[in-house]
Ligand SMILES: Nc1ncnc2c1ncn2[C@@H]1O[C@H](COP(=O)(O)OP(=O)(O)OP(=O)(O)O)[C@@H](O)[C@H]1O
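One chain is shown next in structure tokens, namely the form predicted on its own.
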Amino acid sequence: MKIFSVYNFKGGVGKTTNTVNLAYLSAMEGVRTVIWDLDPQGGTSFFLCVKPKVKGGAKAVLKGKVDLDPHLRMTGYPNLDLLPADISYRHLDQLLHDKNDPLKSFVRVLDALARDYDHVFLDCPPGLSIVAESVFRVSHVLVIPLLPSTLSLRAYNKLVQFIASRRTPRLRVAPFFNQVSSGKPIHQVVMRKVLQEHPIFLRTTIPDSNAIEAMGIKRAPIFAYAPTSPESDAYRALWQEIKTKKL
């Protein structure tokens, strides 16, 4: 099983839209794929038309002997399932903190998912927390959407320093620019400079787009209603780069 986590400790950078679209592409390749929505806002659950209600809450998901069947939901798309979040996930950090071994509880859920899925996507809440540290330690690829702005890059540098201070031997970091506006010269200046100086950044960028914003109205991946759009093509290119680039 391979774990892709979409994370940034800043909010409003497009983590959920990217999670949904990348997981959809994984599933459309015939790979058994599941999203674990870790955000109490339940954005992924909303986009995929799944009621944000977890029986027994986050505590039931993390309990000792994990039976995830009652919590998993089909999304209506082949090979793509969802472990939804609800408001109880606001206590997830505290629940992990109360465990003798927080990481063990997190891994137990992932091990249960590994029995039925080949790719797991984690839609992560913002912030540096016990949840975030657990995500860093279990993930194979940390997909980091960033706005092309000075403050966003400053936050990214702090994040990289934090990750470097932890033992994450198998983690690959995959930052890329999201919500890029062609009408903002500063976006072009920042991207050009960063992409020239930092080869770790993915080359594919995702535009600031009404078509992507419409996911909140359509409650579907962009491919369900705009499969031939430039935005869909950008996501296909991003997914290929994530899969193939040696980071």
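Keep in mind that what you see is a predicted model, and the values were worked out from it rather than measured. Residue positions are given as counts along the sequence shown, with the first one as 1.
We do not show the form predicted in complex with this ligand, though everything after this point is about it.
Note on contacts: among 202, 190, 58, 206, the single residue with a heavy atom within 4.5 Å of this ligand in the predicted complex is 206. Considering this ligand in the predicted complex, the lone stretch of 172-180, 132-140, 154-162, 89-97 in range is 172-180 [heavy atom distance within 4.5 Å]. Taking the partner from the other structure, this ligand in the predicted complex has no heavy atom within 4.5 Å of any heavy atom of residue 25. This ligand in the predicted complex is approached by residue 11, whose closest heavy atom lies within 4.5 angstroms of it. With a 4.5 Å cutoff on heavy atoms, residue 50 does not count as touching this ligand in the predicted complex; it lies far away. Using a 4.5 angstroms threshold between heavy atoms, residue 212 counts as touching this ligand in the predicted complex. Looking at 122-143, the one residue that comes within 4.5 Å of this ligand in the predicted complex, counting any heavy atom, is 126.
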